[in-house]
Every structure is written in C-alpha cells, then in structure tokens.
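Same chain, two versions here, written out as structure tokens and called structure 1 and structure 2.
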Structure 1
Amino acid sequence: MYTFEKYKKFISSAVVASVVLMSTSCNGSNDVEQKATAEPAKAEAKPAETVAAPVAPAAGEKGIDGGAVYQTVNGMYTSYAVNEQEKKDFTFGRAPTATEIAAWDIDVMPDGTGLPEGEGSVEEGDELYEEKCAMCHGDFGSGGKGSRSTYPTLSVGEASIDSLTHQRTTPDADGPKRVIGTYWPYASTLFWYIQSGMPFPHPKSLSDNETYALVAYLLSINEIEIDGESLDDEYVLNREKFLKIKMPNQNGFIPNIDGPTGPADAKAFYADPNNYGNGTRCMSNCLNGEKPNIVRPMNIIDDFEPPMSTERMLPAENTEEAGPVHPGKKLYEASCAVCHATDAMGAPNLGNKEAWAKVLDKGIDKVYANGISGVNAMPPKGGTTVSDDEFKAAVDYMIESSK
C-alpha cells in the first residue's frame, strides 16, 4: 500500500487491501454448534456431536488484519478441521548440499546481506544494456515497443516521486509513474533481480561486476545520486558505494514490513482502524442508516475519439493499400521478434543472411522439427499454441526476409 497525503480518501470506492494470515479469522461466531445428521432408519442412530465454540488465546492475539486468532481444539479450528497427524520420516528427495544452496541463495537484502564484492562503471553498464537489455526495455529504459511492448519501462528520466499522488481527476492529468527511480524503495531489489532473472533468456549469466555495471547505468538514467554525487559515465559503483544508496521512495510504503518487527508492525497497523476506512472497525450495520459518502471523480473521461466500445474483436486489417502480407509475418511480430529481432538472444536474427544460412545447413525439415519440438533455449513453437502449419509460416517469413 503506497502512502500519500490524505490517503484515507479513495476515488470512487474505498478499497482496503489486507494481507490475511492463514491462521487468522476475521469474524468468528460466538456460538458455533455442529449437530450430526441422523443416518437412515436402518442404521443405528448416533448421538449428536457438538463442536466447542472457538477458543481465543487468553492474551487476545490479533491477526495481521486485526481479526481474532483462535486456538485449535480437538482437531478443529473454529468450523474447520485441521490435520494433526504427526509428520516425520519423509523419504522424498534429499538434503541440498552447501554448493547447491549457495547457487540459489543469491537474494540481496536492503541492509546489504547477500551483496557480493565487485565493481562496474556506468559506461560499462551502458554497453551491456545496449547488448542485452535494450531490445526488450527500449533505449534508455523507455519501454519495449511492438511485440516487446509488454516489457516494462525502467526510467522516465527523473527520480521524482511527485507523480505517485496523481489520481487522474482531470482529463489531461498524468497517472503515477512507477519506474525504478520513482517507485522502487530499495536498490538491492534491482541488483538481485538483474543477477537472478536477467537477461532473458539467459538468467544468472551475468558476473558480479557486470551486474554492478548495469545497476550503475540504470540508476544513472533514473537520475539517482549516491551520497550527493551524480552518476556520470566514469562513475564506478562498488559494494561500499552501493550501501550508501537511498532511493527517493524508500519510505513510501505502509505499513513497514522490513526487519524482525515487520509482522508485528503490520498487525499493529491493521489493528488500528484509524489507519484506513472511516476509522471504525465494523462487520455489519456499519452505516446505522446514514447515507454513504462516496467520492467520485471530478472529471470523468468519456469524450473519446473514436468513442469507446465494448467490442472485443480486433479491428479489421486494411490490406488493400499495403498489398499482400506474408502469412507468417503476424505471428513473427507477435511471438518471435522478442528473440529473433536481435542476435543478443543467441537466436538467428531477422535479416542476418549468414546466421540463417548456417541454420539451413541442417535442412528445412530439421529447422521445422527443432522449432516445433523446441531446441536449446527456445520453447516448442516459441511458446505459442499455433498449429504446425502456422508456425512453419513464421519460420518461412524469417528465412525469406533473411536472404
């Protein structure tokens, strides 16, 4: 939940998002009884069974959303059965080795835990970004285009958090800008995510120094300063400097869930109804006959040109002026270009005559078969569910466009 001035007021309708623990009950009944149903006449009738009412802890513990937490009694948590079988001696799998744990335990925490030694410059990061990232995230982190438009924007050229309070109350108002510099509270997440999940489709292929360089570049295009110093091309980021990074939106989220007191802090926040809604915790008859005060947008955007439609069909393609279109082009642009538009992904890129000639040495039937079944980092049919003939058409389009 993002904090902003007068955050108790919401547009259209108030919505409170709570993280509810599995062991939390918001509204337990005071008198819960279960009576067994009589069996058929031929069977011996059994006495009715009564389930004890929920027993709350003596200390009055509250769940993370402010609701009561009950005890499990006779295998029942309120009206729900709990499996209390002893669990031991499982024989599935084995304990991981220290090396296996180290290979996966690469998360980086805000306090620097897990952050390796290393260094990288903004200039080196710029070169790496152009080689491994720009094809999806756009130049200078401006966002993907075309078939790569689903990849997020990483920078808007500033680190101001002012836009996060925007709620589009006027037709020409801008919405919140949620990119690295304006929204992310910690740079540790950036380092960890790049090293563990990027670049697609070769995650965990970057060295510590390369990751430092990419982080330095991304911080620089977001106009982040470190210890009052701007990040120019010659700036070298290392572990010592990294620990001095303070992101603009570091304190922009409530409640604070960091540190050993995080769960307790979250419980305390949601247990106090003054922090959200109308300040009164209520489960029924909350308005007492009063008319709800609904806050609506001051300016409703409805003058769209052309008018908005509920029609879900894609607009008809105008092929009269453009001339005939290759039957495989559309699938290529929708699903194949993300890897084949550049050689940075390790796949033969569109227009590269030499690369495709090498692929075709195997024969066109082998090329089709590898693509349909999947090969190396490529999933079967590129991750699509099209027919074999449709997929072959996309392959033909790439081959014919690369002669």
Structure 2
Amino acid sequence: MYTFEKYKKFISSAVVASVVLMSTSCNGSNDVEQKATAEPAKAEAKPAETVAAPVAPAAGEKGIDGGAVYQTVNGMYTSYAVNEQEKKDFTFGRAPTATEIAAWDIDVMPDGTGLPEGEGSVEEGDELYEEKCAMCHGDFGSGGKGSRSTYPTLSVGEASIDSLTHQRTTPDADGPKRVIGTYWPYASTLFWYIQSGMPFPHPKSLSDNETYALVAYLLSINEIEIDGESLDDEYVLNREKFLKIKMPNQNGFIPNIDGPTGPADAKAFYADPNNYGNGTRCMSNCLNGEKPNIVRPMNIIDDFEPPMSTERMLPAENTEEAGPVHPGKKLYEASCAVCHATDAMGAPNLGNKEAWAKVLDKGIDKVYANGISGVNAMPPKGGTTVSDDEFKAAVDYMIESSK
C-alpha cells in the first residue's frame, strides 16, 4: 500500500516546488492511465436538464450576490472604454484527451460523481493516520501544535450539531464546534480534500484505497454511522457504502444552492440584505440621547512579525543579512524545514539544544550517515537528490543553529 518510492517522489517534488521553478506541468496525479479507463469523463455522466441556459443579468437587475450589475453602454463599461468588435471563432488551443481529463478531474461531488471504486478499513485508516497525519492533527484528530499555532482539529468525538447555536457572548461561554462530524455537510468533500490536499507536506500521494481507509477512520472517530451501523475497527468502507453516508449537518446551510433553482434561490437570498445585515444612513441623533458604549481591547495581540514601525530610517545592521550566509541554510529552508522547523513530526527541530545534543551523542559521522541513508520517518537525504556534501552542510547548519 505504502511504498517508499512514492513517498520520496512526492517529498522531493514538494521540495522542488517550494524553491526553484517547477519544471513539470501542474499534473500531480500518479496513475493517470488507470483512472482514464476506470472513470468516464464526468460531463457525459450527468443527465441533461431542460432549463433555460444561465445568462448574465440584464440591465437594472441585481446580480446573484445581491449587488449592482453593470452593462457596456456606448462603448463604456462604467468608467472603462471597451473595444466592442465581435469576439468569437477563436482558434487557439485544442481539446483535452480523455486521459488528460481523467488525470485532473479527481474532484468528488455529493452525488458520488468522481468517487472512484476502492475500499479501506477503519483499522488501516488508523495506521495510516498514525503514520501520516497524527504528527499535525494530533491523536484522534484532537489537533496538534504547529510552528505558529494549532493544526486543525478533525474530531471532537461526537457527531452532534447541538453546539452550532452557541454564541460566545460571555467570556466563559463555549463556542460552536465546527469539525467534520459536527459541521461538514458532505463526506464527498472529505474524500476529495484528503486525496488532493493531504498530507499537507506531500499531497496527492494517497491511493484510492488509502483514502477510503483514512475517510473511514476519520468518520469513525467523529462517531458517524453509516446506514445505522457504527464504524468499528473492522468496518470496511467502499464506494457503495460511501454513497449511503448522511452527515449530521447536511441541512445546516443556507441558501439552498442545489437543483435547477439553486442559483435563483441564492439570488433571492442575497437580494435581501436582512439575511446578512445592513445599516441605516442616519445623520443626526442616531444614538437617541444615549452615550456610545465603548469597548476596549481585553487582550491586545501585538506579536507582529516584524514588529510594527513607521520609522523612515536605514535598516538596523542585521548580522544575518550582512554576514556570510551559512552554506547549508538555503537547503535547510527549502528541503528540511517542512519537518525540522518543529518537533511535531518527531524530527530534532532547529534551535532545540537538547534534541540535537541527544542526536549527536552517537557521533557526527553516524548522524551524517543516518541522514544520508534515512532513519525511521527521516527519508534518505530528507527526500532530496543533493550531493553528500550539500546534505552535510544542511546538517551542520541545523547543528550550529541549535547550540
């Protein structure tokens, strides 16, 4: 299921993308051929409906967002002059092939469009989660500490929407809980997002079966039931069962955007500003004789990076900027920081004296060797293809910055 080669490939491509220009196209999918045959292009799968084609709003009409809409009049679009010559029959580009569409069209919709065949158990998902997700999202999806704040919580251990009416109008009130089981309307979003966006440092590396397993695990810790059945360790999720999932908060969203009248329903909702709040243009005596009630900050946040200043002066002599840059710094930032900036993944983190002292107990040569050949969750050379010397320079940089 989990192959190291694949892991390496995605690590290194993520790394490349973050520093130098990416030399390939945006195609992140790995098994294009297979998908092309397994899944027909989506457009054909959808039934045609007999409704009027959507058009741009006419003059004087409000837009779908409740706002003004502007037309080109006498060659002017508001303050912009417009070339009104006919613009059609363009000849650029070509049609995509079925394989190309299948490679990119991996989104999954609530009705199951785009959901591949496959299966995975809660237990397999648990293992995958421990290996690839827990370092950021915490045990049982409880959220974990990142270098700046906490990574998203994926479960609060219940599938109830009861907290969604909570409002923190008093300092000690409990707020609403917005996680998968308590908030997300559809499980399709979970499958799609995990496969295209997670794990965060090297996405698009999970197979269909792995994604099924992870979704099964996340649904189980969120205490979601499928067709009345709770998801114990042995539960195997597949496409058929997936299509039976009903999320607790499916009806928790307004306006209704589904079906042929979806856009019109949205338009009606936004045409009424009382649905989202509007002011009044009162000019005098607006507080009706009352004094304005002033609320001052309780906890000012001012840990700005860099600190606030509006001074016009030459920058302070910055030793880092002026002095020679460590030869390993660039590689560290580009390829190692993803894992070594914090201890979230179990890597000795930059600046952590103790952690590095412990690593160095075994002698620097062994440390180099471990890094080059890989050890536990540390991929060989951190997933890069740099020379041994370049790699060692990055190790030196981390060691020197952690003294």
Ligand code: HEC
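Residue 1 is the first residue of structure 1, and the numbers go on in sequence order from there. Treat the numbers as computed from the prediction; the structure is a model and nothing was measured. By rigid core we mean the largest C-alpha set that fits within 1.5 Å across both forms.
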* Structure corresponding to the form predicted in complex with this ligand -> 2
* Asked: Superposing on the rigid core, does the Cα of Q195 end up 2 Å or more away between structure 1 and structure 2?
  -> no
* Could you tell me whether the Cα atom of V179 shifts by at least 2 Å between structure 1 and structure 2 after core superposition? => no
* Taking the rigid core as reference, does the Cα of K329 move 2 Å or more between structure 1 and structure 2? -> yes
* **Rigid-core-fitted C-alpha displacement of D365 between structure 1 and structure 2 (angstrom)** => 14.8
* Structure fact -> Rigid core fixed, the Cα of Y270 shifts between structure 1 and structure 2, in Å, by 2.9
